[in-house]
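Given next are two forms of a protein chain, the same chain in both, each as structure tokens and marked structure 1 or structure 2.
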Structure 1
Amino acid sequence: MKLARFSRIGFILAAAGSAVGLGNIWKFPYITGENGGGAFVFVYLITVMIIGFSLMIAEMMIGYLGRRDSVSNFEDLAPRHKNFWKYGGFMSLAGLIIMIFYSPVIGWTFHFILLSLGSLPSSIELAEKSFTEFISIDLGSQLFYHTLVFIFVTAVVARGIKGGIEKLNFLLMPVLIITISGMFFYATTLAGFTQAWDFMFSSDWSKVTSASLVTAVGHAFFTLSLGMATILTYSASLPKDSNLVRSSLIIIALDTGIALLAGLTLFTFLYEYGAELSAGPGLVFISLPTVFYEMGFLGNIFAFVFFVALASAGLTSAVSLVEPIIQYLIDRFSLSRLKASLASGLFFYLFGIVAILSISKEYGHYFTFGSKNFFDWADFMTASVMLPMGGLIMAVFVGHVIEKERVASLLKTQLGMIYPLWYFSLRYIVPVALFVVMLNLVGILEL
């Protein structure tokens, strides 16, 4: 199967659109708040620079050399034991599992776009009450928004790489970059900005626990879209003679830049209006709306702009979560793109409904297993288990399985002086770090 190709800039936008998602604007600020700020941010940045950079190039290389879907690429590139290595490609299933909770959360952002047009909650208590009621009682609205996300995402991917995914990113990425930078510049004029800066960049190591290390490393994967064949699948459609190193650097810079801008902006607003920083997942859905209320009319505009940015970020990531499986279905089972898009769409749509039920007051207990409900399990199993495992498989595959000469002939000139460092990091540092993360998880699972 020949794949349609991205344009050069189309690829960068699509990969950055995948990387910049709810992870940057919703998750990064709240886990930074929960884990005490500076030291956590430091660990995250180091992980992104070392592990993220090494793996991004490795994952791109598998796609660029293989040019097919993830399973076929592992099979084609493995010098031997092809039947074993092809299972590496099934890490793309993680994308559909992420979508089980990702789609309902994008739905929440739709709800908040509408809210921002009307009246915002005037106190934290009211904000909390309205958000809690929305996610635990208002099943109808959530289902409605989740259905919209399903239709939208399926319609985009059904149009293919060029006509769907590339177009969407050309449209939404500028919206995202302009809105986030605009709000950031406003934030720099407020007094709370210095406090936000201190919170994010002055490290208090006493707050760093092994659990927060694991969270930081796990988040570095999640935010860069690594470990589940998204980058691999997009790279299979790269134009010939692309520079993988330069592309990786731009994508990582955009992703990290937007996370830091979003974090600084939110914390400035929260400090300025005396709201709680460690509010957890409710940070942007509970604390922030009250801050916007305090700002008066300007707040309504900011709220609207902010939730549009959040929805855009979510949608460009969502298409990248389903695309790997779609390409697999097309390539291996000769399904039409439409059928493949519908099949993967229906998967996350139906399980997404279960996820919505699992956080509801009325049906939650039917869908709670052990310490977590279905929604949280989907998050935990992917971000904390499947992605690090996927990353480990890719690092071992490129670092130890594919012939050395093949890797060198593609990357030696592109990486220049740092080639040996990159190869060493991929062969040893990345696998050891990921292995430790997974050992730690076992400890956490036993709790």
Structure 2
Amino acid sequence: MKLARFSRIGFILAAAGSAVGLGNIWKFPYITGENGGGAFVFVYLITVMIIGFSLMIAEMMIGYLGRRDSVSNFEDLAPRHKNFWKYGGFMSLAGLIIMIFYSPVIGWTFHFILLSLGSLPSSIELAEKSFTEFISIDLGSQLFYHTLVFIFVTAVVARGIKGGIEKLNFLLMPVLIITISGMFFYATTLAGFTQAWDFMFSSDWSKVTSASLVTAVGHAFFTLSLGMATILTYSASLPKDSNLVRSSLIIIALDTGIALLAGLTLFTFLYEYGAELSAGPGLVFISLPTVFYEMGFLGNIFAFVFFVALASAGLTSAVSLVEPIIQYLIDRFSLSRLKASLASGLFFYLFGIVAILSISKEYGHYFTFGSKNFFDWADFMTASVMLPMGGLIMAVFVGHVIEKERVASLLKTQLGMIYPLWYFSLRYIVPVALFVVMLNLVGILEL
């Protein structure tokens, strides 16, 4: 089936929208500060260019050459053992499984958008109590927001590449960039900006350990939305004469730039008002609301704008997570886009309800297996196993399976003098790095 084509800017915005997610805003700033500040940023940028850039080019190349869904692309491009390599394309399932817990989290941002219009919590204790009760007791509200996410995402992907995904990113990515930039410029006027800058960029090489290197590699890989066939699927819709290298660099710059601006902004607010420095959901759903409360009426405005931006980042990523499996259903089973979108949407919606129940106080024990509940298992299996495995498969496929001449004919001119370095990195450095990251994440190798 002939794919609709992205415009060049549409592809960049869609791919950047996929890469810029909730993790950029609540994870990157904290791991930067905890791992040596500027020293870690330097290490991170090196790993982005060696690991992230190498893999992004490889994933884009598979989609660009194959022009079909991920499974068909692996099957078509493999010079031999096609029936074996087609299973590499099932990395597209990772995005659908991520949506099981990602959709409820986006729902949390909807809740906080409404909360920002009213009374914000006045202390960390109240904020923590309110958030805990919301995710563990208020099942009705969570199911309502989860349903809104399901309807929104399904409606967008059902409209296709041009009419849905590209239009969404043309709307929401500028909203995200303008919002984060505006808040950043305001943050530069506050006294806490100096402390935030020191926290994130003062180099402390004593904190850069082997574990920090693994953290940098892992985050560089995950934040660029690699290993789940999203970039691969989007690249199948690129115009024929596209420059993959230039597009990759722009996407990486947008992703990293937004993460840095968001980190400086959020930590400026935390230092300015003496709030607790925390990581993950605690940063945006507990610490920040109390900071916004201290700002008075201006804080309500900032809270509303911030959570709208956070929801925008989540929704653009959510659309990209389900698109690969939709394209697979269309290509391999000849489903209409509407039926494929509904099937994919209902999958993450129904299992998302299970994820919500698994973190609830009343039903959580029914959905807890071993040391983790269903919500946490979905997170663990994708982040620790499926995504790095997907990246490893792509690196081996492009670096060792596809004919060298075919790779060179497409990328040698675009990469120029760094082509030999890129190809060496993809063949040898990337697989080893991802293997070590995967072993560390599943607890087999402790660094």
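Computed from a predicted structure; not experimentally measured. The term rigid core refers to the maximal set of C-alpha atoms that superpose within 1.5 Å between the two forms. Sequence positions of structure 1, starting at 1, serve as the residue numbers.
Both panels show the same chain in isolation, but it is structure 2 that comes from the form predicted on its own. Positional change of residue 56 between structures 1 and 2 stays under 2 Å at the C-alpha, relative to the superposed core. In the core-superposed comparison between structures 1 and 2, the C-alpha atom of residue 32 has shifted by at least 2 angstroms. Relative to the superposed core, residue 43 shifts its CA atom by 2 Å or more between structures 1 and 2. CA movement of residue 202 between structures 1 and 2 equals 2.7 Å, with the two forms superposed on the rigid core.
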